[in-house]
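Only one chain is shown below, in structure tokens, and it's the form predicted alone.
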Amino acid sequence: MRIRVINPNTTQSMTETIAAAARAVASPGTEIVAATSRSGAASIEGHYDEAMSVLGLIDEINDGPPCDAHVIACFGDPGLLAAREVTAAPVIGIAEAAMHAASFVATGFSVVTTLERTRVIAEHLVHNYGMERHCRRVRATDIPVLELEDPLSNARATILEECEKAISEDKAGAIVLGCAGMADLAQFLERRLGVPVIDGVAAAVKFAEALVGMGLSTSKRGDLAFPLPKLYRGKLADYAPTDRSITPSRQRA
């Protein structure tokens, strides 16, 4: 089984952190193909960054080697439904995966994320995924995404402190890490906190393995059918869907 784990930002060092987390939980025989977007922002920290990241994400799915499933390694799950349209292989967003995993192991969880401006994005996902009864609160640490890569920053201590507040103030039984760049913190935090700490990268990889193992693919009835052929203009002309734009090799290995 081959799973492509796509970092929708353009920071290669973050991809390496994400890939390590994915490979740590992958089953024997599962190959993790880590990809860094070739276009977009160095970090995704708002609605505009998310919107600009989607074309790079689609490029990785359409132009990369055939894979059995894809993981979008950004907690905003940017372009998730669009990605599901262009391939029949399962596509898993790490926020959706993490929230579902947390609901399996606790009756309530809190999300601890990065900047305050991204908190509302996570709150929208909580609503979209029907997790209002499970999610106690989304907490922002105001840590820039790329600061997670800086060993001299106090990011780890700040995140730990916010997680402790989530347990004591929100009565959260589990913590969901609200950024793919936090993937390497899960075990450290779980040892300190004594509650399940869910990294969405790991959760998404395991859900992807399960879906592929069950022989399931993305439905091509209704709104997740392949994009309708039509003319695109301007800078997006090359992205115009055609009857031949999605080939079997691009759908699934």
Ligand code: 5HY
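In case it trips you up, residue 1 is the first one in the sequence shown, and so on. Because the structure is a prediction, the values reported are computed rather than measured.
There is another form of this protein, the form predicted in complex with this ligand, and it is not shown here; the text below is about that form.
- Although the partner is absent here, residue 36 sits far enough away that none of its heavy atoms falls within 4.5 Å of this ligand in the predicted bound form.
- Among heavy atoms of residue 176, none comes within 4.5 Å of this ligand in the predicted bound form.
- Among heavy atoms of residue 43, some come within 4.5 Å of this ligand in the predicted bound form.
- This ligand is not drawn, but in the predicted bound form it has no heavy atom within 4.5 Å of residue 89.
- Using a 4.5 Å heavy atom cutoff, 74, 113 and 118 all lie near this ligand in the predicted bound form.
- Between 150 to 158, 96 to 104, 132 to 140, 178 to 186, the stretch whose residues reach within 4.5 angstroms of this ligand in the predicted bound form through a non-hydrogen atom is 178 to 186.
- Contact annotation for 214 to 241: no residue has a non-hydrogen atom within 4.5 angstroms of this ligand in the predicted bound form.
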